[in-house]
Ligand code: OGA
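One chain comes next, on its own, written as structure tokens: the form predicted on its own.
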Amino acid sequence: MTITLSPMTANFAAEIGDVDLTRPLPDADFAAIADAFWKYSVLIFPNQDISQQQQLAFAERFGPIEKERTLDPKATPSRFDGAFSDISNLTADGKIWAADSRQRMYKAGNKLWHTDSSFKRLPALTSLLHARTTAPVGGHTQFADQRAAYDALSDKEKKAFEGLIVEHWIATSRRRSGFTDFNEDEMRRLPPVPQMLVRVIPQNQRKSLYVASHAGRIFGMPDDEGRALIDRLLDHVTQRQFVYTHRWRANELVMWDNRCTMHRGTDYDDLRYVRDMRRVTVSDIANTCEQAGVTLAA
């Protein structure tokens, strides 16, 4: 079977039809999906009533699966472990979380513009999020195209940003959203890491900015100057012309390229409605500095 492709814009976000992810994909269909992914960066697969194992099997065709969780499971139990992240408002026993739950406080940071796992030495290549139950109002996901945002920079800016290294840290984004309750184990496992400000996507050779709410300072710049530049770039990337807003439907799978997009969740009544989603994340091949052949900052 040949897939069908329905782009949302000329080069960003596309819907994929005539695909049944409950069955193994023929190599030709997977190759067509991969080609579409390298071009559009965000792919939407409607009507996919898939199991966790089927979601995982599809994800594994893109690369090795990230399994390290951010929060200590002893301090904050989850419904899932290993390959799956619980992107929901449900506790480990499947009930809607309380207003003061640690999980809720931590996940408030998902409302900030970010890219998954940029705060890890080995960042993410792609995330695949499957919706089981959606909120009737709100709970959308917005995606920003960092490739198009880079293209829109002036030549002077492109030259100035080339080779800059940025510190990414999970504590940076969570402090912005009001969460400071990391325990010793979480802080030890996830120290600040360096990432390139500008990177090249190998599959299409497009240059992209690589900023996120996890970014806190720029090596070689005074802290206030670096912080101001990061904030300016966040504002630049998230301008309306670079953003696609996705309104979820049940049994829908969405995957995005973490190397060249940012995303954020929008508000919904998370103490009233269940929003049940499960994410699998594929690791990138190396730290962005290593990929660029740049000596890692201390």
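Note that this is a predicted model, so its numbers are computed, not measured. In case it trips you up, residue 1 is the first one in the sequence shown, and so on.
Although it is not shown, the form predicted in complex with this ligand is what the next lines describe.
S.K.: Is residue 264 part of the interface with this ligand in the predicted bound form - any heavy atom within 4.5 Å?
M.R.: Judged by the heavy-atom cut-off of 4.5 Å, residue 264 is in contact with this ligand in the predicted bound form.
S.K.: Is there a heavy atom of residue 145 lying 4.5 Å or less from a heavy atom of this ligand in the predicted bound form?
M.R.: No, no contact at 4.5 Å.
S.K.: My question is simply whether residue 196 lines the interface with this ligand in the predicted bound form - judged by any non-hydrogen atom within 4.5 Å.
M.R.: So residue 196 does not count as contacting this ligand.
S.K.: Does residue 256 reach this ligand in the predicted bound form if we count a contact as any heavy atom within 4.5 Å?
M.R.: Result yes; residue 256 sits at the interface with this ligand in the predicted bound form.
S.K.: Using heavy atoms and a 4.5 Å cut-off, decide whether 120, 170 and 187 all contact this ligand in the predicted bound form.
M.R.: No, the whole trio is out of contact, none within 4.5 Å by any heavy atom.
S.K.: Select from the listed residues 153, 83, 129, 71 the one whose heavy atoms reach within 4.5 Å of this ligand in the predicted bound form.
M.R.: Checked against the cut-off, the match is 129.
S.K.: Heavy atom within 4.5 Å of this ligand in the predicted bound form: which of 140, 79, 102, 227 fits that? Just give me the one.
M.R.: Exactly one listed residue reaches within 4.5 Å, namely 140.
S.K.: Report the stretch among 159-167, 215-223, 110-118, 175-183 that approaches this ligand in the predicted bound form to within 4.5 Å, counting heavy atoms only.
M.R.: In the other structure, the partner sits against 110-118.
S.K.: Even though the chain is shown alone, can you say which residues of 62-99 have a heavy atom within 4.5 Å of this ligand in the predicted bound form?
M.R.: Contacting residue: only 87.
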